[in-house]
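First comes one chain, alone, set out as structure tokens in the form predicted alone.
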Amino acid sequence: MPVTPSILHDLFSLEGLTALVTGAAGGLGRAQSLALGAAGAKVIASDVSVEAARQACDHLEANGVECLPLEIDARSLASIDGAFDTLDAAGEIPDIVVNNAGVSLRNSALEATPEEFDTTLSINLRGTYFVAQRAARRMSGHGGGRIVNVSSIGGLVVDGERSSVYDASKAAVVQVTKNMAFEWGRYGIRVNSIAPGYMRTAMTTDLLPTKEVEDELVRTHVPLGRVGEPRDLNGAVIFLASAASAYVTGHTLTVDGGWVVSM
């Protein structure tokens, strides 16, 4: 059968689907939410406070995306449970979940504190895990779904000094993605992850403090010759959330300008 424009549209369309994005007010979350909405999805924009979630929705709606704000503090199981209870009461069952909420607290392995360790793991790993779990419980009774966990190149390689705790949390995300994919495939739930390289967001400001630092990092680590922009995740998230990746699960897709292959 020839590949026609209508077939391509159907492969990548998210029309009629609902996508929950955590950390939707941040740079990567906002970009992914816009991409999902542009592909036709209704977006549930969640963030640590209802104010941040509403701000995310305001931006999405200004760009023509149907949006529902939702407060989820990824550090709190009570917040996660309450958020899904709210969705249940409203009859909203996400077809797609993008686990984007995260934190980057950098310190050396000699100096990292228990507080930094606990905060990083509670948001990057624990929050990701239990948001996915709650979503999968709903998806399993409704024909399946797609879960995209946002990891990092730090989950695959050492991405610099002062990264041990962050990298450990993201490596764990890569692994639980595989475990979830293995266990939940029988329910029609596909679970994949995206591993971004350095992206130009507020979270990476301290990693790219000057143009000189950025230029050196690009010269030594990024074959494509530039730091990533949030929009560089658009194609990856649409692919993993859509029928285009119908036979893909347990995979981590690097979006890093070639950083990992340069190591």
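Small disclaimer: the values here were computed from a predicted structure and weren't measured. Note that residue numbering follows the sequence shown and begins at 1.
Another form, the form predicted in complex with a small molecule, is not on view; read the next lines as being about it.
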23, 74 and 204 - do all three of these have some heavy atom no more than 4.5 Å from the small molecule in the predicted complex?
yes
Answer range among 191 to 199, 36 to 44, 58 to 66, 210 to 218 for contact with the small molecule, defined in the predicted complex as heavy atoms within 4.5 Å
191 to 199
With the partner omitted here, the residue among 105, 112, 123, 83 that in the predicted complex has a heavy atom within 4.5 Å of the small molecule is 123
Give a yes/no on whether residue 237 approaches the small molecule to within 4.5 Å in the predicted complex, heavy atoms considered.
no
Heavy atom of residue 48 within 4.5 Å of the small molecule in the predicted complex
yes
Wondering, does residue 132 line up within 4.5 Å of the small molecule in the predicted complex on heavy atoms?
no
Taking any heavy atom pair closer than or equal to 4.5 Å as contact, tell me whether residue 165 reaches the small molecule in the predicted complex.
no
